[in-house]
Structure formats: C-alpha cells, structure tokens
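To begin, one chain is listed below as structure tokens, in the form predicted alone.
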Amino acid sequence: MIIQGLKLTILGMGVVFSFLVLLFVLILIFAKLLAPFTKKELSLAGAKKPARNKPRQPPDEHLKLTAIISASIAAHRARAGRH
C-alpha cells in the first residue's frame, strides 16, 4: 500500500515538474520571438513621460485627516462602551 502511494507521488511530481519545464521553455521561446516588438514598445514608452495620477496632499491635510479619524474612533468606542 505504501509502495503504491510512493509510486503515485513520484509520478505526480514528475508530471508537475515536466509541465513546469515545458512552461519555462515556452516562455523563453516566446521571449526570444517577441523581443523585437518589446524593444519597439519600450522605445515608444520611453519617449512619453508618465503622468502623475494624484497630487500629494500637504502634511497639514494628513494631520487633519488623522485627527478626524482618531476622534471618530474615540467617539465610537465611547458609544460602544455604554451598551
């Protein structure tokens, strides 16, 4: 019974290992085949400067937000303590 389990374990690990090796080889092949397209895209991406998504808030805004959140938590805890 144990021997059959070990055989099945080795077979399963061999199948998974073979699949991973095949996947690795395919990724390498596609990387070589698509390298010219990647270079072209990188050169186009390098020409454009990335836009900033969101302007950063000044530190005062962070302090105000922290104070508001702290006051809200304190109020909730005070109200929850009464029940």
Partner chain sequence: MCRKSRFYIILCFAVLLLLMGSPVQAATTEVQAVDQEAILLPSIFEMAANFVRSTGLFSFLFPETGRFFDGIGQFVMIGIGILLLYLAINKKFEPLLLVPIGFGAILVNTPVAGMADPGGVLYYIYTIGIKTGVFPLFIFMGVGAMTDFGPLLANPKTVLLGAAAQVGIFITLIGALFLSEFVPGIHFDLFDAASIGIIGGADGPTAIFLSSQLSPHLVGPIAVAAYSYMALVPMIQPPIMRALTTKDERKIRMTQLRPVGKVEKIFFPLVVLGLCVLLLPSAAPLIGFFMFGNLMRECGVVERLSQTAQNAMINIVTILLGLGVGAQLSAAQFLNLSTLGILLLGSIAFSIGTASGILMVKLMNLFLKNKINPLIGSAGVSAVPMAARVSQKLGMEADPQNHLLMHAMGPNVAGVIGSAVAAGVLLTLKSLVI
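Residue numbers count along the first chain shown, from 1. In this text the structure is predicted, and so the values were computed from the model without any measurement.
The protein also exists as the form predicted in complex with its partner chain; that form is not presented, and the subsequent description refers to it.
Its partner chain in the predicted bound form comes within 4.5 Å of no heavy atom belonging to A78. Contact check for L44: no non-hydrogen atom falls within 4.5 Å of its partner chain in the predicted bound form. Of the heavy atoms in T9, some are within 4.5 Å of its partner chain in the predicted bound form.
In the predicted bound form, none of the heavy atoms of I68 sits within 4.5 Å of a heavy atom of its partner chain. Residues of 22-43 lying near its partner chain in the predicted bound form, listed in sequence order, are L22, L23, F24, L26, I27, L28, F30, A31, L34, F37, T38, E41, L42, the criterion being any heavy atom within 4.5 Å.
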